[in-house]
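Presented as structure tokens, the chain that follows is alone, the form predicted alone.
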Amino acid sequence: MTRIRHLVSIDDLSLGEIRELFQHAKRFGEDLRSWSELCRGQISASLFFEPSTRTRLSFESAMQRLGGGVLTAAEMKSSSAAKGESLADTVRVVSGAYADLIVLRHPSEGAARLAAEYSLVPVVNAGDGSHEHPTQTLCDLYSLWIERGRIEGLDVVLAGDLLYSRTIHSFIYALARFGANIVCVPHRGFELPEYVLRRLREEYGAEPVRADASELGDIAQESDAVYMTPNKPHQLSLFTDSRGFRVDRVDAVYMTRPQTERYRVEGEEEGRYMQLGANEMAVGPLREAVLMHPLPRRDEISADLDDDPRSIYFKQAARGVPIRMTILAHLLGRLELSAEPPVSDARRFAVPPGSNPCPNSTCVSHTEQRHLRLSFKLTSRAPLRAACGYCSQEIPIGLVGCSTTRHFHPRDSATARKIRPDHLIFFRDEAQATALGYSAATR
């Protein structure tokens, strides 16, 4: 039996597969009307628990251009979810006979992974909270590849709300995998989350260093800019001074809007949000840079840049159709790729009943109360670190327990490092450990 492939994260595709998808997308885009037999008889279901225009319509356009059909649940407040149906049950019903593929958007981080656990058909993550948005990332990478002919070695500025933008989080992982150089210019207070930075360090060798972005002008005037490269992290000290690594050339600027719908405190954004206009794009390092945006925009990009040949954000939106055609056709088994899929080394281990160690209140492990198989990923043994199996945020570990001995130990003790991963349980403190029936280990 062929294993069902899902697209939950950008890491679900190898670099070779991504490059091959780009070649097919370019071929599809040359004549979108020539592929109406490729997926005839197939049906995709759009399950959107959050508002969407471009993502939903581009997926549905892509499916229909492939000759398939579409079921749309674009306002889930009018679905059985309003009656209390769990996401797992919704997915089991829809994947049973209704559709051959599910495109899911959901406000909870990790929701797409939960859906993939229960679905009988491929699940495509169309955005899960502030976690990931892999198909937007593919669209963005594809646009860079079309415009610049490569991704490796490009210098890309990521600007705006880097804290809550799931598009940014997926994009930055992909850029690091391809060997691009990244300049983070966040709106003050909206820097990349620590768990994203940690993953960039540990998996891609992209060590953040302070950046001297003064030559970028107003866009970086009030920002603590950071430079990251997966190519030479240990040599960066050779190129920096007290002001940081000097940013004097840029291939692309990727602007994001304030993600106000994800703010956890009303009025969280303070100060004037950064804006790009003709004057800002006239500074030296940006004169040859393409300007990107995942849309929708607010006022962060002035309309006077819409006709600028460097502005490609409307082209990005259009390219979402051919790139999503390739994704749908591939996952439905109608488009074979010769490249090898990725080999995952991140096993997930079950969390014992009675404890959810994930600290993220918007993780699906907290927002969905039923049908959850709580899990974690072990990211390091020395020091001992773990991440939620759904939203990837690091689990705070005060003490470490063993589910077989029912004893707890200091997290950095030699005994804790010897406990089998599938026997590990994490506690915030001794009170939680004893409340769950664990006792301190005796010497």
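Each residue number is its position in the shown sequence, starting from 1. Everything numeric in this text was worked out from a predicted model, so none of it was measured.
Keep in mind that the form predicted in complex with a small molecule is missing from the display, and what follows is about it.
- In short, of 376 to 384, 47 to 55, 390 to 398, 22 to 30 it is 47 to 55 that has heavy atoms within 4.5 Å of the small molecule in the predicted bound form.
- Note on the partner interface in the predicted bound form: the residue among Arg257, His330, Arg198, Arg319 having a heavy atom within 4.5 angstroms of the small molecule is Arg257.
- Distance criterion of 4.5 Å from any heavy atom to the small molecule in the predicted bound form singles out Pro294 from the list Pro186, Pro294, Pro122, Pro134.
- Interface residue remark: Asn360 is not counted as part of the site for the small molecule in the predicted bound form, having no heavy atom within 4.5 Å.
- Among heavy atoms of Ser170, none comes within 4.5 Å of the small molecule in the predicted bound form.
- Among heavy atoms of His106, none comes within 4.5 Å of the small molecule in the predicted bound form.
- Not displayed here, the small molecule is approached by Arg166 to within 4.5 Å at the level of heavy atoms in the predicted bound form.
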